[in-house]
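The data below hold one chain only, encoded as structure tokens and taken in the form predicted on its own.
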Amino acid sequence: MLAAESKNTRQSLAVPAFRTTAVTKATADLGDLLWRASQDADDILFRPPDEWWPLSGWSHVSSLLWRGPLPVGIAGLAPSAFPGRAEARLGLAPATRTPTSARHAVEAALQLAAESGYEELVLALPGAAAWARAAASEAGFEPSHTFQVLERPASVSSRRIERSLEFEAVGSERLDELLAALNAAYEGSPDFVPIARATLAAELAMAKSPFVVAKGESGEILATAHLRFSATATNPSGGPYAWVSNLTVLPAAQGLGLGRKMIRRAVAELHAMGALSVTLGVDSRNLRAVRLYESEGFQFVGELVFWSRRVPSRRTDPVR
């Protein structure tokens, strides 16, 4: 009996234990490497044309997940616009993915949320991250909505591109007007958070292409589309990276078919830049937009799924 117990003890000691440590300035780069490796394996559809944005720049608090002496994953947390709610992103090194390590990654995010005093936690998980979905479900999370990626060929449709509207390419010289137009268009949408001036300024400074806007009779902005193009990165279908973001129509101009005209204009502009296909993202709860994009030839190619659950009471026990 003692021999059997001794054998079991030796076996348990041979299995490295999981633990978490807070990410510091000294370990932020390590955490970002784990995050990017995980994203490259799961979420290539959302990969920016240059490289993944650093999780250390997004997270307010984050934890490294270790198995013995080896760092294997990361959980990062940031507050949402709603009081008491946080959003988390997870990363797990592809070579270390097991149901146990995935469970510990989800547990690390829950522990961060509990220690930070949040009441609800939302996990943003790539649709292809089966390891994370299974662990989230096991931990009591339920899917709430998705952010879909759609793609279509960039060949110009035989249907007429609207020429009666006046379009203009604009950038930081009209920053404040763009900011007002975007926030007016997004207000009232699910999980609306006003865009900060500094955020839009940084986006315009980094972008390879400007915004295209439709103007009214007095030159005011009625609709927007941010065209992103890179010949060195790729779309899901393998052609050059071409993405339409911030495709909006101001409330006063809605119901006039302006959204369809902006889509066609955006596709035509990106095709002229050298795009073979065009991608965009849409919240699955915006059924009107989904139907519009599908009617213009866009098809589903992937998604980011948001899972949520209430946060249990504050946890003090370390992850084991």
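Fair warning: this is a prediction, and the values are worked out from it, not measured in the lab. Numbering starts at 1 and runs along the sequence shown.
The same protein also exists as the form predicted in complex with a small molecule; that form is not shown, yet it is the one meant from here on.
Peer 1: Please determine whether Ser56 contacts the small molecule in the predicted complex, using a 4.5 Å cut-off between heavy atoms.
Peer 2: No, Ser56 is distant from the partner.
Peer 1: Quick one: is Leu276 in contact with the small molecule in the predicted complex, heavy atoms, 4.5 Å cut-off?
Peer 2: Close contact is absent here: in the predicted complex, Leu276 is far from the small molecule, nothing within 4.5 Å, heavy atoms only.
Peer 1: If we define contact as a non-hydrogen atom of the residue within 4.5 angstroms of the partner, is Ala266 a contact of the small molecule in the predicted complex?
Peer 2: Because no heavy atom of Ala266 falls inside 4.5 Å of the small molecule in the predicted complex, the answer is no.
Peer 1: Taking heavy atoms only, is Tyr186 within 4.5 angstroms of the small molecule in the predicted complex?
Peer 2: Yes.
Peer 1: Only one of 133-141, 117-125, 244-252, 230-238 gets a heavy atom within 4.5 Å of the small molecule in the predicted complex; which is it?
Peer 2: Comparing against the small molecule in the predicted complex, the contact stretch is 244-252.
Peer 1: Is every one of Gly257, Arg260 and Asn286 within 4.5 Å of the small molecule in the predicted complex, counting heavy atoms?
Peer 2: Affirmative, all three are within 4.5 Å.
Peer 1: Name the single residue among Leu292, Ala28, Ala41, Val61 that comes within 4.5 Å of the small molecule in the predicted complex, judging by heavy atoms.
Peer 2: That would be Leu292.
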